[in-house]
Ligand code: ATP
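Let's start with one chain on its own, the form predicted alone, as structure tokens.
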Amino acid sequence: MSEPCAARGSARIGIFGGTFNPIHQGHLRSAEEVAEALELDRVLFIPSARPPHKDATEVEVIAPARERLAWVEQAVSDNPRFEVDTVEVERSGPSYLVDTLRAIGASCAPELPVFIVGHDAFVEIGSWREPETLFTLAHFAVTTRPPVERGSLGDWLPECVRGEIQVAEDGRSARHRRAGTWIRLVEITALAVSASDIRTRIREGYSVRYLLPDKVREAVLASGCYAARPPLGQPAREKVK
């Protein structure tokens, strides 16, 4: 687990959680742009051990948590503002965000962390564990890509918290009436990179060069986590070099 926030003083800490299956350039660029926009001192990448909303099936292959953790560590190693926190990998059971925010928040007190989440995930937050509590444990940076999705924060908030959160007239920011936590939309560069596409390309034998950091690409391919077995006597199209 990374150094407690209290040891860094009153640093503003961002939390970037996810399956990272695998981590790719879009994740890294998103975190970088949010850190700049909100003047974050650190961004903690927190790989999920057991994502509650995803199942490892033949269609949705999830690489082992320790493999994904190692890839994230490799991906962020050259950015002094990025760190990795192993709290969810080390914790048993499903990786619920509310548990993670409680753990990170305890080490950051009295500061609150900033949870970085994509718009697509944010609109589903009502189905997560204790959604009402989530909005009191952290600030939220909701990332969108141009053109910004139609609607506003008021449209995307789960029904259970709408009475607690005051949304600005422009729909791009909001504040929790009791907790004082805030939510902000952060527009980031549109990069056509997705983990699902990367997994498909690897499975079908196509190149993923430039979609992943080079050292991560080599580790992912070497792991064989996403590769389908090629026909007998026929090698995969992309090999580790």
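Computed from a predicted model, the values in this text were never measured in an experiment. Residues carry their position along the shown sequence, with the first being 1.
As for the form predicted in complex with the named molecule, it is not shown, yet the points below apply to it.
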Counting any non-hydrogen atom inside 4.5 Å, which residue from Ala35, Val208, Ile188, Ala49 sits next to the named molecule in the predicted complex?
Ile188
Residues in which of 114 to 122, 69 to 77, 164 to 172, 85 to 93 have heavy atoms within 4.5 Å of the named molecule in the predicted complex?
114 to 122
How about Gly26 - does it come within 4.5 Å of the named molecule in the predicted complex, if we only consider non-hydrogen atoms?
yes
Is Thr143 part of the interface with the named molecule in the predicted complex - any heavy atom within 4.5 Å?
yes
Spell out, yes or no, whether the shortest heavy atom distance between Gly17 and the named molecule in the predicted complex is within 4.5 Å.
yes
So in the predicted complex, is the named molecule close enough to Arg199 to count as touching (4.5 Å, heavy atoms)?
yes
